[in-house]
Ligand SMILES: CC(C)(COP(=O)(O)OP(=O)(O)OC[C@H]1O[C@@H](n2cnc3c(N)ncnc32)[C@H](O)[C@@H]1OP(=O)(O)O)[C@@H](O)C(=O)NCCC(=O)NCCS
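Only one chain is included here, represented as structure tokens and corresponding to the form predicted alone.
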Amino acid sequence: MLLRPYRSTDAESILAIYGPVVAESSATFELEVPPLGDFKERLARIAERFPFWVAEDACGELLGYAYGTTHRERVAYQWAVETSVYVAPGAHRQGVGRALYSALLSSLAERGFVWAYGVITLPNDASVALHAACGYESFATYTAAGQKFGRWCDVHWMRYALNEARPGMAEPSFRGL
């Protein structure tokens, strides 16, 4: 497995992983699979500001991806990021998610962020276990936070301390890899 920064040419392979998650699960509250053009623009905006990693096999096929993104828009929240990781179905339980999160969390810490938040729609024991294995700690569950497929879903929040929060900290670095 090779970990490397996201490239714009990865968008179609990433959508092949993400699309079925949108269409078939509540792991994301996105309701419709985005068109490829819109999705490419979304990924480019993320990669301009935040670390964005992909994992590929020896043949160059994408196994998964992970990135950080804005937690909240107000400037006071700039030291916190929301993290996402998605792994291709055939690559589950092979260490791909852990490897991606290891690279992502290291990159976020280097850039001066303080908190990484994982936001998990329940039930999703595999995602909770992955986050815990990567050092995230549970701190909140929002009951009936969103609705998908006609049912209400709880959302579980986990956090990872990237750096110690200190008064007067420099702003984190918002740039891609």
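Just count from 1 along the sequence shown to find any residue number. Because the structure is a prediction, the values reported are computed rather than measured.
Form predicted in complex with the named molecule: not shown, discussed below.
Site residues Arg4, Arg7 and Ile14 are none of them in contact with the named molecule in the model of the complex, judged by any heavy atom within 4.5 Å. Though the named molecule is absent from this view, in the model of the complex it lies within 4.5 Å of a heavy atom of just one residue from Ala47, Val114, Leu62, Leu130, which is Leu130. Screening 105 to 113, 47 to 55, 138 to 146, 121 to 129 for residues having heavy atoms within 4.5 Å of the named molecule in the model of the complex returns a single hit, 121 to 129. The named molecule is not drawn, but in the model of the complex it has no heavy atom within 4.5 Å of His71. Within 4.5 Å of some heavy atom of the named molecule in the model of the complex lies at least one heavy atom of Gln94.
Not displayed here, the named molecule is approached by Ala27 to within 4.5 Å at the level of heavy atoms in the model of the complex. Residue contact check for Val87: one or more of its heavy atoms lie within 4.5 Å of the named molecule in the model of the complex.
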